[in-house]
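Coming up is one lone chain in structure tokens, specifically the form predicted alone.
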């Protein structure tokens, strides 16, 4: 479980998160949803210790995120943010290999090489394995960074808008892979703007607005016309398809 308790965060005196507390269940896909500026990415960064906690407490599998040694924490969770800028003269295989650093400390063995190969296959990157990152399209580069995160093989994965730059097929394939990982006992926290991906694949949703948690629960509990209208300040239709909510926001 990830436990967030009484977290507040400010930037230049402006409140970004206010009194945020939540429990994120283990062995599930949890989606953070909400409008731009709601605090979703900031909350994910605090969970992943990308940003230091100002007040409050975050623990992952009973490990204090603020005090646990980085090497130990890197074996528990992998974080992928929105800023994917790295040295352009890095090859795809090398980038994915960085995901194995917490395990091999720069001295990869057979298990590490196998994990890199599996990630290349999983994300359809074998033909690009020896290409430099600046030779890839935006979607291919996104998949390479996702492959690096998968190769870290941690119990928890924290993903900030990973569907950016992915086409329809690769977006669906990624969500299916996350679902498969969930079925294998791993846990995922993912920031999503596509509510229908959240409805189709997430077990648990946390809706945020103005730095606070506005609602949480299953897709059926959170993705209602009333909740979404208040969250996004626009009228939203919600139908049902294949037993799940289907959000119509484009008409």
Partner chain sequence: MTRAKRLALSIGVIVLLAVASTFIGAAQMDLSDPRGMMVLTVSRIPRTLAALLTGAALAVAGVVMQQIVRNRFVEPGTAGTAESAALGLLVITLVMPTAPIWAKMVAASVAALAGTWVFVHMIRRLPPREVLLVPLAGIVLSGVIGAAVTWIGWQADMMQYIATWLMSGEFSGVISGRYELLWIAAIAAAIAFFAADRFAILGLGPEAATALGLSPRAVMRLGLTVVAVVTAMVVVSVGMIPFVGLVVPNIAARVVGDNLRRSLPLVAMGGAGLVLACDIIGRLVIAPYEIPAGTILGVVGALVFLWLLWKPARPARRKTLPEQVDV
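Residue numbers count along the first chain shown, from 1. What you see is a predicted model, and the numbers here were worked out from it, not measured in a lab.
One more form of this protein should be noted, the form predicted together with its partner chain, which is absent from this view; the next part is about it.
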I'd like to know whether residue 49 contacts its partner chain in the predicted bound form, with contact meaning heavy atoms within 4.5 angstroms.
yes
Can you check whether residue 124 is within 4.5 Å of its partner chain in the predicted bound form, heavy atom basis?
no
Indicate whether its partner chain has at least one heavy atom within 4.5 Å of a heavy atom of residue 156 in the predicted bound form.
no
Distance check, residue 93 to its partner chain in the predicted bound form, heavy atom within 4.5 Å:
yes
In the predicted bound form, does each residue in the set 8, 39 and 66 place a non-hydrogen atom within 4.5 angstroms of its partner chain?
no
Heavy atom contacts to its partner chain in the predicted bound form at 4.5 Å, residues of 10-48 in sequence order:
45
